[in-house]
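Presented below, as structure tokens, is a lone chain in the form predicted alone.
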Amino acid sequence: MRLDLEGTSGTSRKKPGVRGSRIRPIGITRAASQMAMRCLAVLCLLGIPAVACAQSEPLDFDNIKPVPVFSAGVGFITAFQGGTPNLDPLVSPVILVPLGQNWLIESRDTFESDLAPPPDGIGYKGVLEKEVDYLQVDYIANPYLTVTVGRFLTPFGIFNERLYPIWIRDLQSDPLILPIATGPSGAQTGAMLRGGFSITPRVEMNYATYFSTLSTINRIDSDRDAGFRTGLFFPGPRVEIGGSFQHLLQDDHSNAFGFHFEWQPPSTSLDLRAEYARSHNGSGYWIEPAYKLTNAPIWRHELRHVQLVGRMQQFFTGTVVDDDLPVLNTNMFEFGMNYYFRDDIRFVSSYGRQFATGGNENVWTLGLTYRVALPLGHGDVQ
């Protein structure tokens, strides 16, 4: 079982397609409420003794004392795009502060540097970039509704919220369509309602709807827009399908929409994800299968730590140019291999080939990612 205590994500954009220029848990989408499940994960896994979590009877969460949790992702990625190397050290601290049983303050910042050879070719130079990815207050009203106020990740598609962190993503490059509808920095400033519920025993529905105001403040910028995302999850085959919509409430008042698909077949280590997005800035899709060799027929002990992943994607330019998106029609494929030393530390590598009407180039990445999570106190069951 993969459990992500953060569950959401986002940062500023730079060169599209490669997170060497901005190299970015499955989120907890199967629950009645993504926010509620994230909070319960903190309480169960980090806020109470392990023996209590192991008990056979269900826990009474009303009598659990929550504690703050500090988490951080650390990575060092080396990317080569078109033969030019980029060194990308990154630190992304996360803090979760529960207030009683219904309130939660959560925040994530990113500190990253894109180091590249200067024109004179001596050494590497770059600047430290700082970004407030999100800073929000959540009120868990009930199992079906969580109210969020502050700066939150744009719930459009699945990559921005669920897969962006460097320690979660299987490939260290961004999908070409990621900037569509996610705003100038992948986050919004305003209010959001989200949750989930069972339609039938075999179908669950999750939703998120939001309103964002215009912000031009450096590192917490956002557009003025409104939108929603919804999905249907089928627990039996472990399939989710859904769609997103956003209406821009400024400038040309344009619309954007998208669709997403995710499948994790039972009893296998396969993850299959895909997204499609369209706006006046462009359109495109990506498809990404990932498979961990836990049941390899040979060398099982050695290969069970290996994950193979691929991605095929296309982008088509729109009527309005966006600096965060490719300026030409682009096709790209990537193949990667990750090695998990432990669940929290891994070696990542990939090779890709980008085909554009203006020329083709290779993209290589190598690196290490690490994730730590620590409780800042001692919880108990009362």
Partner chain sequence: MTARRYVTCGILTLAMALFLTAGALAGNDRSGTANAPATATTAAASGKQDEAALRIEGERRFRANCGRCHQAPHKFPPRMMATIIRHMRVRATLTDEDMRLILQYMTQ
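Numbering follows the first chain given and starts at 1. For clarity, every value in this text was computed on a predicted model and none was experimentally measured.
Beyond what is shown, the protein has a form predicted together with its partner chain; the following relates to that form.
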Of 176, 104, 79, 90, the only residue with a heavy atom within 4.5 Å of its partner chain in the model of the complex is 104
Could you spot which one of 225, 275, 240, 131 gets a heavy atom to within 4.5 Å of its partner chain in the model of the complex?
240
Find out whether any non-hydrogen atom of residue 340 is located within 4.5 angstroms of its partner chain in the model of the complex, and reply yes or no.
yes
Would you classify residue 368 as touching its partner chain in the model of the complex, given a 4.5 Å non-hydrogen atom cut-off?
no
Answer yes if any heavy atom of residue 325 is within 4.5 Å of a heavy atom of its partner chain in the model of the complex; otherwise answer no.
no
Quick one: is residue 266 in contact with its partner chain in the model of the complex, heavy atoms, 4.5 Å cut-off?
yes
Of the candidate stretches 79 to 87, 276 to 284, 133 to 141, 247 to 255, the one with residues having heavy atoms within 4.5 Å of its partner chain in the model of the complex is 133 to 141
On the criterion of a non-hydrogen atom at 4.5 angstroms or closer, are 115, 126 and 299 all touching its partner chain in the model of the complex?
no
Contacts from 318 to 346 to its partner chain in the model of the complex (any heavy atom within 4.5 Å), listed N to C, are 331, 333, 335, 340, 343, 344
